[in-house]
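Here you get one chain, nothing else, as structure tokens; it is the form predicted alone.
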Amino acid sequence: MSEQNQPTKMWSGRFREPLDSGFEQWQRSFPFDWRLLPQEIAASTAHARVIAAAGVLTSEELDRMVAGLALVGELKLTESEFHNPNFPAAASIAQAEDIHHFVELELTRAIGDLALKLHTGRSRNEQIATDMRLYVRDSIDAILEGLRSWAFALVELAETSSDAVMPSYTHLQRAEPVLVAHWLLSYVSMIERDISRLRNARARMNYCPLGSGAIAGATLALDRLIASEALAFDAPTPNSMDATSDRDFALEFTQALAVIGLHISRFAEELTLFSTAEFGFLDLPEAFSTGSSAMPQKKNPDLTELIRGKSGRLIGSATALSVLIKGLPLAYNKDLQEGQEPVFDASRTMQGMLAVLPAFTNSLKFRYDRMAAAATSGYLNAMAAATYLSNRGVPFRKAHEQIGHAVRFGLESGRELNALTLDELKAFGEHFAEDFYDAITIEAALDCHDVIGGTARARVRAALEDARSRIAVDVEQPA
């Protein structure tokens, strides 16, 4: 068959009537799955080696095919090329049904009819399952690197904060004083869980569908280990029906990104609140803020607000995949084409967020004096005060009540606990002594939390060292 007589469709032999032109354009996936070109080239190259080992290609044909695929892979596809009539692959872009068809068209243009042998022993069902796994795997690796960079930025910011204090909150009410570093490390803990979640998802999905055929397995005696090893998968998938219809890896990926988005959104929300005049804990960097078109004095927290919004977008991608998959019978169904765009969008959205977060975090400047003032007023040392009484043998429930009475007395007289006289305190309980005042200083209120994970100063310094070490090890041992 000559190149000119090549079928215009990958499936046209059985059909006699042309597709409705409107339907043909509407059902194409190439306008979005062009993003899979690197993965399609890698998978097709691996498959070429498999069919060569099976005797379908000679060594010379294999070399020509691999070289041709590499040539196609050098094309720099972007959305703008869809409207560029001078682009070298313009004819294939206009004609291609999907990324698989595009590569076949361009490979035929490069090496002639030999390209038509490439589809021997495979189906588009296994191709897209493989391409999407490779895309998700590549995305996970890029996102892991972004998460590590953001974690490093948080650790560095925490280290520069030294022993600066701030109030912590429960129910959005001031609770106890904590180190600013302790607060920042809470987000590092979230990131570490996110990294673990993505690494686990990557391990679960790292199996190669090539050789699964359309549903029942390849019709040639193909050595599936060749493709699996060439593409750095752990092993071939064990069941052909599951391999061609499984999108758990995509769902798990988008769900993991939705959780990361929630964590980033919580960070953004706190910074947005803390930057208001009512809190005044930080002044958001101008490089990541914009002004108002109407009010000259405004500086708006655009980055943090956009991040909050994009977290909803990530949740939407995970939800769309869940709804898409829930009612599908085995094995491949065209519905699964709709599962590609949520994955693409979630990956781009997350990578975009992580591209700006490290620099934004590095530029944050806290108003430590305002944070300290908020942490040393409002009876945030009440827990330390109750602990003082408990350490002197008072049952904690009674200690809690006695300090509660002292707080009420302080509120009525307009004084903090450390401003109440010893005689006034003894009216609430006999165990108060002169050393009470030392037990409720800001330093004591921090250091009484001397447990693993607590905000005691020595514990936080150790936690900072541990966090930096863990992230460094993770960088040295990438997924």
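Residue numbers run from 1 along the displayed sequence. What you see is a predicted model, and the numbers here were worked out from it, not measured in a lab.
Just so you know, the form predicted in complex with arginine exists too; it's not on screen, but the next bit is about it.
Participant: Taking the partner as it appears in the predicted bound form, which of 124-132, 309-317, 399-407, 377-385 has residues with heavy atoms within 4.5 Å of arginine?
Facilitator: Within 4.5 Å of the partner lies stretch 124-132.
Participant: Contact with arginine in the predicted bound form for residue 332, defined as at least one heavy atom pair within 4.5 Å: yes or no?
Facilitator: Yes, residue 332 is a contact residue.
Participant: Is residue 33 near arginine? Define near as a heavy atom within 4.5 Å, in the predicted bound form.
Facilitator: Output for residue 33 is yes: heavy atoms within 4.5 Å of arginine.
Participant: Wondering, does residue 45 line up within 4.5 Å of arginine in the predicted bound form on heavy atoms?
Facilitator: Because no heavy atom of residue 45 falls inside 4.5 Å of arginine in the predicted bound form, the answer is no.
Participant: Determine whether any heavy atom of residue 29 comes within 4.5 Å of a heavy atom of arginine in the predicted bound form, and answer yes or no.
Facilitator: Yes, residue 29 sits close enough to arginine in the predicted bound form that at least one of its heavy atoms falls within 4.5 Å.
Participant: State the residue from 340, 161, 265, 275 whose non-hydrogen atoms include one within 4.5 Å of arginine in the predicted bound form.
Facilitator: If I apply the 4.5 Å criterion carefully, the residue I get is 340.
Participant: Select from 82-99 the residues with a non-hydrogen atom within 4.5 Å of arginine in the predicted bound form and write them out in sequence order.
Facilitator: Only 98 sits within 4.5 Å of the partner.
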